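Coming up is one lone chain in structure tokens, specifically the form predicted on its own.
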Amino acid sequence: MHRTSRRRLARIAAAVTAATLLLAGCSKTNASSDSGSGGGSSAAPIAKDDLVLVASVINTTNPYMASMIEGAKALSAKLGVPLEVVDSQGSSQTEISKIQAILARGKKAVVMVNTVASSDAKPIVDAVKQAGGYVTIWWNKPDNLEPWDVGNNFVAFQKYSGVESGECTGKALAESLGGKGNVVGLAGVLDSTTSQTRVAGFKNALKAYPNIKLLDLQPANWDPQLGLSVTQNLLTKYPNQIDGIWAADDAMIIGATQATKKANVYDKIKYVSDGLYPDVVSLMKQPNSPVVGETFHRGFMAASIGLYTAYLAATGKIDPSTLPHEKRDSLFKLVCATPKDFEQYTKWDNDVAGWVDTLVNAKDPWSVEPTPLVGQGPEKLPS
């Protein structure tokens, strides 16, 4: 047998052994897990020294994900608890396996996950619960998977309204075109409630503008490089026909603007997106910018809110079973931003640690401006 083959078999054997040990550990009754499938928890608070924070993001090329990591690092420094960052690289399998590996190391995990796909939420929640950790999911989960049906270890699901985002930017795009023209759209990951709700809001907004035609809608998976390539394909498919581009987030619109600049049509097209991130802010600051609408929310706020909520549960500061449902399946405040007013919303961007200080000092992750709790999910799609 070749040496390479032996090494490969050894790696496989090690992986199987690790998985077996993890499953064996998960099958035991854990004192930190809920006593029932959907009830409260009698578990004692976990000491800070026994905790590790885990922030799992879809990728690290998207500016929103980079901001999430920044917020998680600031919270880790504020709390004095070590942090593990999971780069899922756009892969559900990578996301789940990396989280399982951290759970198997022994410390109790306080986890915030921006799931790659909605279907990832259940296996992650189950693994964290079985390991005696606490998890908050951000953005994507199946609507029928509710924290109170799982128990205290699934502390909360949190997001900003996708429908509101899509409606906000869809209306801004249509108005910028005078209610007439052809547009294309860039969606996120197809199996993502975030993308699905934003697309639904976008399409709903266009109903009020019968002379706006949606030529095409393609997934670009929250990735700037895919945003570029998909837009290049659309420009080829619809030459000299595209008047506006809608994207479900800023990473993809950044790629789209790179494509239109290469095709020398950047200034002939209007753009809207979600997130109001630095590269897009720079575009909006330009005179007569074709970026005509955005929504404001921040990854560093989302990640630190999610991690801090799970941390409060792990350390016994809150009992999730006693919380109202809107604090466990939550919608946080989202703002429609325009070229006229967007600069008022970015004041915390250069002081992430300061905002995290405000969050922790408030001891209430649901009330901190500019992103307090405003409602309860799941979101209802427009009819």
Partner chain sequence: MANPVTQDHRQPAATGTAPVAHRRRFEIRSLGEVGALVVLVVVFGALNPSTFLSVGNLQKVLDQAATPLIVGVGATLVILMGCIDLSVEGVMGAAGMTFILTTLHLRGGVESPTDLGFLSFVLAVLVGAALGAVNGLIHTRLKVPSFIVTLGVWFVGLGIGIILFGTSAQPNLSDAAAQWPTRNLLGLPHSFWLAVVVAVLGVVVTRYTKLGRFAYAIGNNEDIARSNGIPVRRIKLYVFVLAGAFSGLAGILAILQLGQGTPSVGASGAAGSSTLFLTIAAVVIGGTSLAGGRGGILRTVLGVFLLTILNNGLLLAGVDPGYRSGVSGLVLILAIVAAAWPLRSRLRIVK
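Numbering follows the first chain given and starts at 1. Basically, rigid core = biggest C-alpha set you can superpose within 1.5 Å across the two forms. Please read these numbers as outputs of a predicted model, since none were measured by experiment.
The protein also exists as the form predicted in complex with the partner chain; that form is not presented, and the subsequent description refers to it.
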Review point. Going by heavy atoms within 4.5 Å, which of 77 to 85, 233 to 241, 155 to 163, 300 to 308 lines up against the partner chain in the model of the complex?
Key: 233 to 241
Review point. Taking the partner chain in the model of the complex as the reference, which of 225, 119, 211, 97 has a non-hydrogen atom within 4.5 Å?
Key: 225
Review point. Between the options 268, 105, 262, 207, which residue brings a heavy atom to within 4.5 Å of the partner chain in the model of the complex?
Key: 262
Review point. Does residue 101 make contact with the partner chain in the model of the complex, using a 4.5 Å heavy atom cut-off?
Key: no
Exercise for review: Evaluate residue 93 for contact with the partner chain in the model of the complex, applying a 4.5 angstroms cut-off between non-hydrogen atoms, and reply yes or no.
Suggested key: no
**Study point:** residue 229: touches the partner chain in the model of the complex, heavy atom cutoff 4.5 angstroms
**Key:** yes
Practice item. Using a 4.5 Å heavy atom cut-off, state whether residue 189 contacts the partner chain in the model of the complex. Key: no
Exercise for review: Note that the partner chain is not shown here; using its position in the model of the complex, name the residues of 276 to 306 with a heavy atom within 4.5 Å of it, in sequence order.
Suggested key: 279
Review point. With the core lined up, does the C-alpha of residue 77 move 2 Å or more between this form and the one not shown?
Key: no
**Study point:** Core-superposed comparison between this form and the one not shown, residue 117 Cα displacement 2 Å or beyond
**Key:** no
Exercise for review: Please say whether, between this form and the one not shown, the C-alpha of residue 263 moves by 2 Å or more once the core is aligned.
Suggested key: yes
